[in-house]
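Quick setup: the structure tokens below cover two forms of a single protein chain, split into structure 1 and structure 2.
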Structure 1
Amino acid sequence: MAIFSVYVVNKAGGLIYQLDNYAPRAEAEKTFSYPLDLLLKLHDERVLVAFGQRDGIRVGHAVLSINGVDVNGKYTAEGKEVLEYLGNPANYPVSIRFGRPRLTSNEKLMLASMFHSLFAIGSQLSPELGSSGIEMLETDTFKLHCFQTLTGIKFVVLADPRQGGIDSLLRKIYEIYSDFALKNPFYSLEMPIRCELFDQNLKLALEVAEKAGTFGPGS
């Protein structure tokens, strides 16, 4: 049971707040000798596995670190290109850690505005009159819950499919937003939320919801 992350999207589709609460780690580290028996490929400024799924390393996983040193996109910590480094037999044996690529802040912005559009299309394609946009989206690994306020701000929570009590959590987040962002004289509307009290109270609310939701009814 877990709440994975929270997004707040303004009425124009811009991401104004994002929090990663809990990220399950699915990583695999392995030592390789030359030649590498995986096919790596550059995609979206990251080095991804394109072929050769094995030992917990899946197609689509990214190179996260080499010999214990973190990799930044397609460059190693020393600024060398990952593919070039792994192409050189002199660098072997080498230990590489693979895992699901983490979202960059740019991607989060993009995904938030993408959801904003999907929300609108969801209501346009409705077979029934007076439908809202997407309120809950279900996949086998997570559920996305969305609450749109009357003023058009969307609160989006990603949680484990079995996590309950998300509807009340979404209302609680709205309350926290009203209390600690809107009432903050230094906060300007529609702009990114940088308020310490908002952060603190949101984290608290997530903790409470995670504990309560375990026994609560499904949402």
Structure 2
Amino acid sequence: MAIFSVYVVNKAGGLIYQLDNYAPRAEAEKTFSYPLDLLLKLHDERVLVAFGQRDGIRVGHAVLSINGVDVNGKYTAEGKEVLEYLGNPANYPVSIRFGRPRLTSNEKLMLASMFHSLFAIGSQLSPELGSSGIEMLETDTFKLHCFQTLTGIKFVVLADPRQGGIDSLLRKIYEIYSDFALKNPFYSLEMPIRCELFDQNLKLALEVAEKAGTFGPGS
């Protein structure tokens, strides 16, 4: 079981904190000789497979690393342009790792805003007054759990569908937020959370929840 990520969204729909805790990936790493028998193209500042599928590599997969060096967008961590590097025969043989593209910071901001809107729509569609809004969305690969405080802050956890104790974990995260963000004299309400103690205690809570499968009494 696993907890994939945590999002904290303010009452205006802005993303003020995000943590990727565990990201299962269908990745494939292969060593290639020149010329590369896959067609790669730049799309949305990522190098993606546009044509050619083999050995677990699929169209739409992104280049994640080259010779063990991580790729960020269209550049390696060493500052080399990916397409230019792979176009040079002198750099072969080369080991390339492919996988699903990682979400960018802008995409995470956009998704948080979209969920905020869906949450509001869910509340308005309720046949009864005082709806709590969306508390859980379920897919075959993950569940999205949401807890909204009385002040409108939303704590969102994405977890394995089999992971238990998420309701208690969400309230534990709220407790950590109250203790290490709100009580921090340097923190401004509704603004991004940049607090080391918040990070440390959140990661500890996630670790405990994953190992136990539940979190505390009443999980």
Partner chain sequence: MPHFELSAFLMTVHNLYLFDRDGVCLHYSEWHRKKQAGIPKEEEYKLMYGMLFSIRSFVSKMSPVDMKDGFLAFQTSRYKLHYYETPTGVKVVMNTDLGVGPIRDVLHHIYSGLYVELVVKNPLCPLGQTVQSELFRSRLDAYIRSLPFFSARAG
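Model, not experiment: these values are computed from the prediction. Definition used throughout: the rigid core is the maximal C-alpha set that superposes within 1.5 Å between two forms. Quick note, the numbers are simply positions in structure 1, starting from 1.
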Q: Look at both copies of the chain and name the one that is the form predicted in complex with its partner chain.
A: 1
Q | Flag for residue 189, CA shift 2 Å or larger between the two structures after aligning core | A | no
Q) Is it true that residue 175 shifts between the two structures by 2 Å or more at the Cα, once the core is aligned? A) no
Q. Does the C-alpha of residue 162 move 2 Å or more between the two structures once the rigid core is lined up?
A. no
Q | Cα displacement of residue 94 between the two structures, once the rigid core is superposed (Å) | A | 6.9
**Q.** Backbone CA shift between the two structures, residue 46, after core fitting (angstrom)
**A.** 3.4
